[in-house]
Each structure stands twice: as C-alpha cells, then as structure tokens.
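Before any questions on how it binds or moves, here is one chain, the form predicted alone, in structure tokens.
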C-alpha cells in the first residue's frame, strides 16, 4: 500500500515543535519490514514544555478560553475535529494500516468509530451546561448545596499501538469535553495517525495547549509524564507491567490513575447454540484485529464433544496445535503468523494463563455450568468475557458470575462509546467511555458517582440472523 508518510514534529502549544534533543524513531512497515519514515521522539525536556503549555491553556483569560468556557464552546471544536477526520478518513485509514498492520477494512471502521466518539462527547459537553450548579437535596432547610463541575486539570493520556487513533480518541474526546488540557503520548510503534490529529487540531484552531501530542519511548516520555508534578491525572492503556510503574510514579504525588490493561478473556459456549453463529463469534472474538486486542476472548470453553466438532474431531496426548502456528508459506517478509487453534490444554499451561496478544485460541471442554464458570474465572485477568447460549436465563445467570469488567451475551467484542469499558483484577480499574468517564475528569461532578463502585456493561446480540462478519467456506 503505497502512501507517503507525513513528516511531523511534536505537537505542542498548538503548533509543530522539533524535539529539544532532536531525537527521532524509525517507522517500520509491518507488512514489508521496511523503514518508511520516522517520528519525533519526545524526552523529559519536551514533556516539561508541553505540561507548561497545557497549564497555560487552562488559565489563559482566567480560564474563559477553555476550562471555564461553556460546554457548547468545547462541543463546537469536538464536532469540527470529527468533520475534519471524516474528510480525511481514506488517507487516515491507509496510514493506520501501513503503520500498525491491521487490515484496511478494520482501519476504516476504526475511523468511523473515531468520528462517532468525538460527536458523542460533543453532545455530552453541551449537556454539562444544564447540569452546572445542580441542587443537592439536604435534610435541613437552613442550608443549600449544589454541584460545581470543573476540569480536573492537566491529564496525561498514554495509549497503545493496536488501535492508535481510536484509543487516543477514547481518552482525548472526553478529556476535552470535560474542559481538561491533555498531553497525548502515543506508542512509539504506531504514532502516525495520532500526529495527524495534531494537524486536524491546528486546522480547526483548537486553543493552543489544549491538546499536545508527544510520541516517544516509554522510559523517556511516558515515565516523565507519569511522574510530572504538574500532571493532575493519568489515563493509561497498555500492559500490566507498565501499569505498575505508572501507579508507582503517580503514588508519589497521590494523583488519580485510570488503567485499562491486558486480558485473557473466556468465551463460554453451551450445547444449545447455533453452531454457525457460535463459530463466527468465537473467531471474531479472538482473531479480530489479528488477535492483537486486550479484550480478546482467547479461551474457548465449550460444552461437550458435540460442540468441539465445529473445530475438529482430532485428539491426542498433550496440547495439540490443531491449526496454524506457523508463518504463512507464501509470505516471505513481514510480521505474519497464521491464526492458531490449540486444543487439549491444561489450566497450568502458559498458553492458557498468559496473554498472547496474537491470533491464538485455546480450547477446553466442560460438563457442568459450575465447571464452566470456574474455568472462565481461573485467571488473574478480568477485562472481557462472553457467554453463548439460546437459554436467556442461563446467559443472565452466567454473565453475572463472570469476573470481567465487560460481558458479552451471544457475541464477543462489540464496544460502543456510549457504554463504559474497563477491567477488574490485573486488567486494571476505572472506566472509560460513556457518561461514566466524565466524573473521572471533573472535580465535584458527583452525579451518579456510586456507579463507580457498581457498574459493568453487558452487551447482548439480539438479532436472529447470523452477524455476517465472514463468509463461511462452501461445503
């Protein structure tokens, strides 16, 4: 896919700025393994400049330019960003695919989600105006109380490489809607489209310093952001190992952190399913985005041998690589691996317990509902899980017992910006997306705050038709 890679600098204070130490990182096309360009590499020195720009953006004109501007004003900018991205969708999708390696059709779908997310938070930003100074009912008439909603301040947003612009948007859109100033740190492995977001912000005249974009290495840029004394909140999506370092740095200044981390999600398939539908959602749940998705339901837990037949009748001693596991023979270059299905695993095996972040599906059988739930929850992770059955009562019963931050019923992976998303256990804490994320970005925003302790989303596929993600092979 031949497309020129724009040469960009860091995006600080509303304009492009060369890294102070003039460092750059090569861009490697994962399809060809060729270097196709480079990106700027921020260091602690650049982080200091960006944080100062963000703080100035909050206080400029006594906050009236952004932090204390009406939600309608901020909504105007969010909608303008969405419009520009819509205009650039074909180019941005191609850049995403060349940079991070996902199929073009998926990159195009990501851009649609990016547009929708900015538009959704534009609507919520407008809604904040009506909620300002909302009265609180008190037991004594001699007092009155109301809610003031103010941005928490400067937020550091650190995102991974598998959904570069979409994961950035999940954080940037609500942060801007809430009136925060943000510093976005994309992954050094895929920063191209995030930098293009900087150009979009320039074109819509987003107030200087409201959004700053600093690609760079984790130890140099990410660590500096996490420990910076003038960053008020950190939102991180990535590995559990890195999350521990971020939490440690944030704890030194008692700053709030939202973490969305790895997973090893189960998909529990009962004997009463429609086989074609179960196959499709199982494949999609594990192999979508090349299996490089933290919420992938990569542990298939199936009821009886009857359902095992939709994968294979083969059995042997020990774990069996039933399909794939190699580099495709016709592809001599590029970072490719065949979709892989492994059966006959035990719960002590590394492949069953640890996140692969690739197209690998492990399969185990169960005989009782209780055994299925035990297998599903036997993991340190708790990001996403799924249950597939025609029995609605059973689906409801099992979904309540799965220890996951997100649960899917008769489907796997659909995620909407209107619903909260996040994990439990080693998969992190806090929620992003939906109205629930705004309380984490504003002070004294107490509406429904108890939901921070109670909520988890359940998403159910309710159509009688097969979803149609892929065309099954002809018999």
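Residue numbers count along the first chain shown, from 1. All values reported here derive from a predicted model rather than from experimental measurement.
There is also a form predicted in complex with a small molecule; it is not shown, and the following applies to it.
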Answer key, the small molecule contact in the model of the complex at 4.5 Å (heavy atoms) among 154, 362, 294, 125: the residue is 294
In this chain shown alone, the residue from 89, 233, 245, 353 with a heavy atom within 4.5 Å of the small molecule in the model of the complex is 245
For the small molecule in the model of the complex, the stretch among 143 to 151, 90 to 98, 254 to 262, 74 to 82 with residues bearing a heavy atom within 4.5 Å is 254 to 262
is_contact(residue 161, the small molecule) in the model of the complex, heavy atom dist at most 4.5 Å: yes
| query | Might residue 107 be said to contact the small molecule in the model of the complex, defining contact as any heavy atom within 4.5 Å? | reply | no
| residue 66: heavy atom within 4.5 Å of the small molecule in the model of the complex? | no
Original post:
With a 4.5 Å heavy atom cut-off, would you call residue 285 a contact of the small molecule in the model of the complex?
Top reply: no
